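Shown next as structure tokens: one chain only, the form predicted on its own.
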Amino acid sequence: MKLNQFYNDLKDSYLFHTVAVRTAEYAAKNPGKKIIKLGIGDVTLPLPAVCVKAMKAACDEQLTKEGFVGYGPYEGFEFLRNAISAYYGSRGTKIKASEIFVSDGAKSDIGNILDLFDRDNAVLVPDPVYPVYVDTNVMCGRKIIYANGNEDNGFLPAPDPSVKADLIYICSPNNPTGAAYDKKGLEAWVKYALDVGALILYDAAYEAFITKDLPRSVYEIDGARGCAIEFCSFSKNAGFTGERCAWCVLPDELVFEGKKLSSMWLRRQSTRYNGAPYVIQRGAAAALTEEGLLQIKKNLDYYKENAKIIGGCLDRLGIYYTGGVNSPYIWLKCPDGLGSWEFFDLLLDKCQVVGTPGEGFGECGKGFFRLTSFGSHENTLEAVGRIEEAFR
């Protein structure tokens, strides 16, 4: 028996685990101090009432022989796939229910989708980047190419025609930088993918935070149906981080080497996955009703206000940042030339505020730091007050 030696190429610890350990160590040494956590992107508001009501009703169904539901379709229940299709349609984007596949999370899908592709494919990822994109490919031994995001390009790298990639990761609005591509920016990536025969893996988990006239789906771009898989989630819009429900879209046009990717994905899922629970899918479908979308908007507005509060603080301090407008994330430049982990320790020590060091998201994240707007109004205001007092 031999182990997968590519695991030796991974960092010793997942970024957020390291942050949690260092925060716990500080708390143990300073038991009387209140620590405010603005690091991990986990929601804090309760689930929308309409979702809880639907899940309770689905639980009650399981008490009767007529209402009991066992194994569901591997693609997801038709009622939820139809609801997701209608959600796209309400924004003018046509996606058939048969092109939608429901799962227990976008993170799972983004990792599992790699089963469809040869290990020799070259992978292009933006830097800074959500660590899962990199780690799942490192585990497979794939070659990784980085598209550097920085202040000069607003952390929205454009394709380089001299670089040949097979799989391309795009997250917009981006995690961790909060930057979001406009239509012209996405058109450039779609054209590049079509020109070189590559496939875009498009993470739209934060699309509901977009407030400006920016694309919320890659399929708003002409040609994208022939070169992109889209991943989306109920985690951030409906607060399902603990309930686990998401979906991905594989358009019928995605055919490579004579094989339809949606058929391959269904084959993979039916072999290695039994689907998200019926009760959870009922709650997810409720989130996309007229009432559900209104309740979601109320929660999103709450988080957007927090982002505005944090952004206002950084404006007053004269600190450069991206995000905070179309995203729950604020990506700031560490003051006084500090490194990311140096600033982490300083912010924790002086303000008892926890964020995420930018270098944990890649080389281009060095000297930057991520804060999230998922805390309470009260904690966000208190954190901002502490930061202004410490750095003004």
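This one's a predicted model, so the numbers in the text were calculated from it and none came from an experiment. The first residue of the sequence shown is number 1, and the count goes up from there.
A second form of this protein, the form predicted together with ligand MLT, is not displayed here; the remarks below concern that form.
Taken together, the three residues N175, Y206 and Y329 all lie with some non-hydrogen atom within 4.5 angstroms of ligand MLT in the predicted bound form. Partner contact region in the predicted bound form: 36-44, out of 36-44, 346-354, 331-339, 61-69, criterion any non-hydrogen atom within 4.5 Å of ligand MLT.
Contact check for K236: a non-hydrogen atom falls within 4.5 Å of ligand MLT in the predicted bound form. In the predicted bound form, ligand MLT stays beyond 4.5 Å of every heavy atom belonging to F101. Among heavy atoms of K304, none comes within 4.5 Å of ligand MLT in the predicted bound form. Taking non-hydrogen atoms only, R142 never approaches ligand MLT to within 4.5 angstroms in the predicted bound form. K107 is the sole member of R216, K107, R225, K260 with a non-hydrogen atom lying within 4.5 angstroms of ligand MLT in the predicted bound form. Shown without its partner, this chain lists Y169, Y130, F155, W265 as candidates; in the predicted bound form, only Y130 has a non-hydrogen atom within 4.5 angstroms of ligand MLT. Taking a 4.5 Å heavy atom cutoff to ligand MLT in the predicted bound form, the one contacting residue in 357-392 is R370.
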